[in-house]
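Encoded as structure tokens, the following chain is the form predicted on its own, with no partner shown.
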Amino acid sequence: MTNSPNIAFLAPHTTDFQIPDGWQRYETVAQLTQANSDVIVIDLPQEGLERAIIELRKSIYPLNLIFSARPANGPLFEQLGDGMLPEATDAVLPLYRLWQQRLHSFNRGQPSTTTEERVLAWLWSRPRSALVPVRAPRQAIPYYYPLVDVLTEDDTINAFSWLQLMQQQGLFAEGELLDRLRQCRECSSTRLNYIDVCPDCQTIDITRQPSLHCFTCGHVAPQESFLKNGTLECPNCLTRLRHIGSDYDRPLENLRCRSCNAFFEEPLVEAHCLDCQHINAPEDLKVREIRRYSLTELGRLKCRQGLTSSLRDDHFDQLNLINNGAFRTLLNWQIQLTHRYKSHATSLMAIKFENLEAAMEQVGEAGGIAAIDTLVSRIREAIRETDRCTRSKENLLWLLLPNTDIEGREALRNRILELAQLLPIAEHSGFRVVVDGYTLPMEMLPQEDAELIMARLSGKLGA
């Protein structure tokens, strides 16, 4: 991996910035896209900065580090850039090395060519980043995800549908709810005009008009039709109305349609789409939640182990991992066997690798993986062919041990802890292996199933 990055400086003809030796200066984005730089520093005002970074992200620099030489706090640059240039320009080097190391470990070092791979690579190479929507008031949908837009080469991709698909696959987690939109059922536009209409004839020509109700004949009409020579008289039965409450009252229906003369208390509300002219009932409008999105544990696992690896890495593949659903099914089956045959003992073991990420950053990806590979090989030697394994998180391994009592479980636990202490990685960043277990039927609680047992053990480990 390169230790000294090629740093490009993009600025107009004149700039007050003192360009360090070794940096290459460019005056236009077009010039920069013909180069091959590792890190880019932009010295442009906010509007020019945003235009430039969009062009750069859509060109040959989709994932590179891009800093601003000026204070920049716009939401667009916050999503597409890497912040303001550090005061000490020498600090760019360690930031670049960390970014390069993370990117090198993504998807087993394979190039990122699809939208999914690019977005995942971005989030993986910047661990604290998230997909955050930006307001676009002039658009039919007043939010968009700039990172998805610039990292996709297919203009037909609907970012909202794509994000929902990634969430359904378990790669993205929903974050903070930022807004909730109502959309036209026909064209999905949010440009809606809510109009009060007559519930009888659906015209918009309605007015608020006080009315009176004659108790003698039940006639309801506008208040002015009851006024005659300064007194109130029903225009239908000609009864003089003296006392409100006994001769007449004011009905709640104080709205009148000028088209059909109907009186009503509440109008009917319609949502008229300003783009396609479709008339929607409010309850029929589509609801879209606008949220932040971030990588899940599963997403991080696939980024490290390979997007096409079916969640398996070479070292963990030695354990013949099964998926979580199948593992829970097997555990529930063992619980049922225990209920029927009281002498049938089965143990569940959870192995947590604490501070694994920090340790790997210190010793390097290759050294960290080699250490975990050694530990997993020893675990493989210690367990039997009939035992089953799964991973629910990147740092949490589960073992299902049929016909294993508490004594056998504790013997395996002690063996694993001894092996973990011998790993060179154990000396770095507080890395340690924590193991806990659960044995049926001795430790079984009433009404517990596989999901509750695994949740209880995860809680004990702080996973």
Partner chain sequence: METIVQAASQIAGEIFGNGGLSEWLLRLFPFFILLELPVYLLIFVGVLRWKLRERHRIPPSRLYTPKVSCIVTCYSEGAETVITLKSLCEQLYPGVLEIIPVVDGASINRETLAAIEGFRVDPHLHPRRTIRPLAKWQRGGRVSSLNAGLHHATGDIVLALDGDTSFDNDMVSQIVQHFADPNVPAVSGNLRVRNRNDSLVARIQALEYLLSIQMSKIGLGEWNTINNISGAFGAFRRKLLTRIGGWDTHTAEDLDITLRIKSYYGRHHFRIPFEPRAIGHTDVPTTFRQFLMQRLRWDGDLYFLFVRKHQRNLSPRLMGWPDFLMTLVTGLFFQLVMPFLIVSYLVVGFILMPLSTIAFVAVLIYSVYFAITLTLYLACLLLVSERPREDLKLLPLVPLFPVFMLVIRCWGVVCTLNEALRRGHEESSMAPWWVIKRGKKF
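These numbers come from a predicted model, not from an experiment. Positions refer to the first chain, counted from 1. The term rigid core refers to the maximal set of C-alpha atoms that superpose within 1.5 Å between the two forms.
Keep in mind the form predicted together with its partner chain is missing from the figure; the text below concerns it.
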At 4.5 Å between heavy atoms, only one of the stretches 243-251, 106-114, 130-138, 86-94 reaches its partner chain in the predicted complex; which one is it? 243-251
Contact flag, Lys342 vs its partner chain in the predicted complex, heavy atom cut 4.5 Å: no
Does at least one non-hydrogen atom of Thr231 fall within 4.5 angstroms of its partner chain in the predicted complex? yes
Would Gly325 show up as a contact with its partner chain in the predicted complex if we use heavy atoms at 4.5 Å? no
Does any part of Arg208 reach within 4.5 Å of its partner chain in the predicted complex? Heavy atoms only, please. yes
Note which of Cys237, Val220, Leu227, Leu165 lies within 4.5 Å of its partner chain in the predicted complex, where distance is taken over heavy atoms; exactly one does. Leu227
Residues from 54-74 in contact with its partner chain (non-hydrogen atom within 4.5 Å) in the predicted complex: none
For Tyr248, decide whether the Cα shift between the shown form and the other one is 2 Å or greater, given a superposition on the rigid core. yes
I want to check Leu232: does it shift between the shown form and the other one by 2 Å or more at the Cα, with the core superposed? yes
Tell me whether Gln223 is among the residues that move between the shown form and the other one (Cα shift of 2 angstroms or more, core superposed). yes
